[in-house]
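In the block that follows, a single chain appears as structure tokens, in the form predicted alone.
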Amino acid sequence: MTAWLVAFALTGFAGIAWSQSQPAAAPAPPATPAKAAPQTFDSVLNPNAAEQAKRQQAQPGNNAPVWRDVRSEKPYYTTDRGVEAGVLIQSGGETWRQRRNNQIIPIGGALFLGAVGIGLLFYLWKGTMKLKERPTGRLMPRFSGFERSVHWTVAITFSVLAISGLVMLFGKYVLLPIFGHTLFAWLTILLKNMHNFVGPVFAIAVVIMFFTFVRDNWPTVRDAIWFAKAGGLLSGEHVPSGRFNGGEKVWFWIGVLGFGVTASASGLVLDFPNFEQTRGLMQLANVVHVVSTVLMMSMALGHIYMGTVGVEGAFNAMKTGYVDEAWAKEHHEYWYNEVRNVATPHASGGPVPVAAPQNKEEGV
């Protein structure tokens, strides 16, 4: 027993001595925290960037969450302080594009071509409507210099706007295949700038035209009779009218005032997009502008036709300001009688039209 205790003690002392002779083990390093993911530009602006990155690994090419955020129309961070600048994509833009390309352009083109076709068919049927009586050679003043200046300002600016507008609206389908991309691009840029600068001039001229001619364009009972007989265009019947007949009054109120003011107002919204217009307002203005201008151009074709090749002597009225007495009596008999009644008495006692050129030397 004693021997066993002595052996156990010696073994313990030997183990202690051996452990002290060995080098000390290095302490275990402290646990390091997990390294945070580096911040990127996308992760700062888009808190869902990490989730989107994982989705790209799990479902490559599936960007549905990204585009849902983009098309949500929620404003995000931007240094631009413009209206809706923080909205990257406005969903209404696609609706506007589809409506413009698939509805407005085809329907508008059909309406405009239809108006051209009707005018051509009417000309082939009736031709130029000649005077039934021979011209007398005595002229009557119909339009003053100021009235003609206002009319031609509206006419010229309208023509520039109509041509440039037609090219911008239908040129991609009609002219681009003929001219090619380069020439068509230069032509469209030129006409677009002309359109933008001429538009405000047209708007001002329309307002001046309204106040210039409104006095003689008020509807009367005589106009109802004129409409009932279609102005004698189909039957050839003589239908008297005032200074302006029913058709000219419709053009004045609906074409010039209605469509002209609507096109001008919507055009100014598009022409000056720096007054905090939203994209939705601009899209609405574009639709209103295109619809009103196409309708105005279609109506204008009738007015232009009747004022040029449709009626003999009509163009001279706006060119020189004078018409022959026979023309005045045949097309605007009520106005002719009114002018005759206020004419200055001639030396021989007969009435003479006011300011008739051939009578100026006689003191009229």
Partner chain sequence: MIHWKPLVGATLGMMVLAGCGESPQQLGQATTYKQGKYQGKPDSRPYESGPSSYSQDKSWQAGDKTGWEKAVKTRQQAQNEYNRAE
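No experiment lies behind these values; they were computed from the predicted model shown. Positions refer to the first chain, counted from 1.
Quick note: we don't show the form predicted together with its partner chain, though the next part is all about it.
Exercise. Among 110, 221, 178, 228, which has any heavy atom within 4.5 Å of its partner chain in the model of the complex?
Worked result: Going through each option in turn, the one that passes is 110.
Going by heavy atom distances of 4.5 angstroms or less, which of 215, 97, 134, 130 would be at the interface with its partner chain in the model of the complex?
Looking at the other structure, the residue within range turns out to be 97.
Q.
So, a 4.5 angstroms cut-off on heavy atom distances: do all three of 101, 106 and 124 pass it with respect to its partner chain in the model of the complex?
A. Yes, the whole candidate spot contacts its partner chain.
Discussion item. Partner absent here, but in the model of the complex, which of 110 to 118, 257 to 265, 149 to 157, 204 to 212 has residues with a heavy atom within 4.5 Å of its partner chain?
Written reply: Correct option: 110 to 118.
With heavy atoms only and a cut-off of 4.5 Å, decide whether residue 173 touches its partner chain in the model of the complex.
-> Heavy-atom contact with its partner chain at 4.5 Å: present for residue 173.
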